[in-house]
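Two separate entries follow, structure 1 and structure 2, each one form of the same protein chain as structure tokens.
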Structure 1
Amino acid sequence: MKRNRIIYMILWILSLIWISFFGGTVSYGFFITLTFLPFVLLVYLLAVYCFFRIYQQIDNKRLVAGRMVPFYFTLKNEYHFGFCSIKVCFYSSFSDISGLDDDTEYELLPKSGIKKHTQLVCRYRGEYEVGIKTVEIVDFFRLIRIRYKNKEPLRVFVRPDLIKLPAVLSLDDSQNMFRNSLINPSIPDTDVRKYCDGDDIRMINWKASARTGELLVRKMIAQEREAVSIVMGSERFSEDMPQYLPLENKILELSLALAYFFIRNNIPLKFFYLDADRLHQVNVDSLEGFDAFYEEVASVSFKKENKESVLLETVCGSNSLFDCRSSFFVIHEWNADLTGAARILRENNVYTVACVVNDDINLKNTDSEIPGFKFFKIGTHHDIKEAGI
């Protein structure tokens, strides 16, 4: 394109020289041709801009971070003349399109289109635009290039990924004893519930099941005492999307991964987060309620007002945590509020694990000085499974 422009400028200057010395149709015709050529090309590009259409489609409406979904787009020429060069650039900050290169130039003949099938991966949870970001069009003489934003971008809401942790090592052995203690034959089995996948078969109430014709499981009594709590920070630390999206995504992923582990292992869960200055508590007993729990947590809004210090203060003041054997804090900042909360919880016999999602290299994993308190640092791009929680 640069070469063409140089040639054009040289020819135009020559035409100026030519009309300075010669009159007539040839010299002026040459000058007029070259002078009006950019205007005609601009008209052409304007027509391309008006009649070029992009149709984007994602098969799956429920997008989950890190998972590939089929993505289709069609570049369509809806008019009677050809489009010489169309180049599309994709959003790449938070999503990836596989198998397609941003440098590919397409040509569209009149009333024709190009359909492409590919895969889209969204890296982070959140609401943002994916697919085609900008369109670049070039005229047929390769003199003028116009780049413009896609008039109808594809906006998606991406849910956090649900990672299956094989183990949570930081749980104290004493936390595992709750499972055996639940099987206490002296306590009457008055409370039953439907059987869910993953439930211990020893907990099946055969009598009740035979009576009702469906598998029923004994509800564990006094299980609240053995629950685990997760306290998730929902403060937005930056207004810059490339900064806050990965962080919030990792916080949610970690929180959900821990929650999923506990629920899978029949450990009741109390989940706390702050929203609009109000502490929200979600209790999950079984996998049955996990879907609703997942939807609620995936929809949590991160806001600047949801201060982590307020969260810690509120949650410690509500006494709900003290009913739990362990408490996992998934937050971003490591500060005195956290250690203060850990002390309070330890005084109430609650084992505390702090998972700080932070890229600060000065923060290091350490067994803190407070007994019954563990600290982990996880980077926004680290694999949770390898965090050793």
Structure 2
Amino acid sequence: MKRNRIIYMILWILSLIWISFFGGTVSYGFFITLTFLPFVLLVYLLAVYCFFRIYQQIDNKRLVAGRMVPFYFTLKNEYHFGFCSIKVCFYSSFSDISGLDDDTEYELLPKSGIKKHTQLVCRYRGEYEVGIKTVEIVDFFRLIRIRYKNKEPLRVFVRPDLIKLPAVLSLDDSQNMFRNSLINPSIPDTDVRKYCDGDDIRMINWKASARTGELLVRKMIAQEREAVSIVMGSERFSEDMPQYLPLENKILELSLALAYFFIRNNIPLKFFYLDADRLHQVNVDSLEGFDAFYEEVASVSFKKENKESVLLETVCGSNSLFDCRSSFFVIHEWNADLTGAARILRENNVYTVACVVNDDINLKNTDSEIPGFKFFKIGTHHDIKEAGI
């Protein structure tokens, strides 16, 4: 296009020199034609703009991140003259369309159209626009180009993908921890049994032992805690969509993957998140309740006021984690609040795993000496199955 403009300017200058030195009907006609040509071309492009139509469609506007769905779009010429060069550019920051290129030029004959069937995939959870973003039209002589935003974009709501983890290795480590919390001790029953090596001597029933002549200990109700908790951060750390969408998507993706693994293996789950300074707790005991749980977590709103420091302080102050055998924190920042929460849980014999979703290459675990505590850093584009949690 730049070359054509240079050629046009050279011809216009030559025609101006021609009429200046020689005059004549032909020279004036050539000069006037070149002078008014851009205006004629501009009128042509305005006509294309008015009569050109775009139709695009997806089967469902509620999508799942990472899952391909059919995508259709049609370019249609509803007028009596041809359109020589039309380009469509697609939203590419958060979605991909397979088999189509932004550099493809389409030519439309009068009363004709072009229909394309392809696949669309959204990369992140959230609500945003997909499909055709802008349209570029060019005249026959390729002198003028007009680019404008598509007047009817597709807006979709994308839910996080549900990834099936083959294993959670950290859960195996928690088996070696003492199960009974100091804050929520098990309740002694009236029944007794014979003393075994390793039993707490405080649970010996001395009166029954004296009667029978052998050591007997009280049986315990819920002697081993089975529930697992997940504490998910919901703080928005940026106003820039390309920054916060990948982060929030990975936090939700990891939280749901862990939750689904526990429920699939018949491990009761307690799930915590913060919304408008209020701690929400969701309990899930079986796969029957997982669909409703997934929908609630998928629609969690990330907000600036949902501070992770407040979340950690609130959830540890509620004593709700202390009757769990292990607790998984899925958050964005490593700070002193997380260290304090890990120490409190360790004092109450709760195995703690911190999954920090962060792309900072310098972020490291500075409290690895805390026993019963594990730290993992996961980038926003890392594969959860390869994280080794």
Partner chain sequence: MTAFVYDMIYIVPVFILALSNAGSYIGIPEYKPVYYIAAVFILADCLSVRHFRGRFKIILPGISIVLVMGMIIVRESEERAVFIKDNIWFLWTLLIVIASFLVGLLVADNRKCRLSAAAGLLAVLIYLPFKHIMPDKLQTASSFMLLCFVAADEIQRRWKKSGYTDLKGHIVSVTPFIILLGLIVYLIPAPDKPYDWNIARQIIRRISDGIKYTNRLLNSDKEDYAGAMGFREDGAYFGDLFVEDDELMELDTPVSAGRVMYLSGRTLDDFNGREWNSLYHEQYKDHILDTLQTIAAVDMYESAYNFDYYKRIDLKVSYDEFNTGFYFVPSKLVKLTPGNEKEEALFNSDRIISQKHLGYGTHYDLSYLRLNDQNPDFKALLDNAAKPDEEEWDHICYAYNYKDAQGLSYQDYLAYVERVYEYYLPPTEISQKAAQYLESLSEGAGDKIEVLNRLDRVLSGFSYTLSPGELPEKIKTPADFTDYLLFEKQEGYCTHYATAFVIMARSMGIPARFVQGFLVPLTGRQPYIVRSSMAHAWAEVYIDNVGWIRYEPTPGIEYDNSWKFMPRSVDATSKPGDAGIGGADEKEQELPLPAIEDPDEIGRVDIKRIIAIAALVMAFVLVFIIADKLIRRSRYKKMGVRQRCVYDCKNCIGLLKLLGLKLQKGETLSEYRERAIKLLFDGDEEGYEEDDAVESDCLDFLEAYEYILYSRNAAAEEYTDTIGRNRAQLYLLIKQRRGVLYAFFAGLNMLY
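Predicted model only: the values in this text are computed from it and were never measured. For residue numbers, the reference is structure 1: its sequence is counted from 1. Throughout, rigid core stands for the largest set of C-alpha atoms superposing within 1.5 Å between the two forms.
Peer 1: Kindly point out the structure, among the two, that is the form predicted together with its partner chain.
Peer 2: Of the two, structure 1 is the form predicted together with its partner chain.
Peer 1: What does the CA of G23 shift by between structures 1 and 2 after fitting on the core? Give it in Å to one decimal.
Peer 2: C-alpha displacement of G23 between structures 1 and 2: 4.0 Å.
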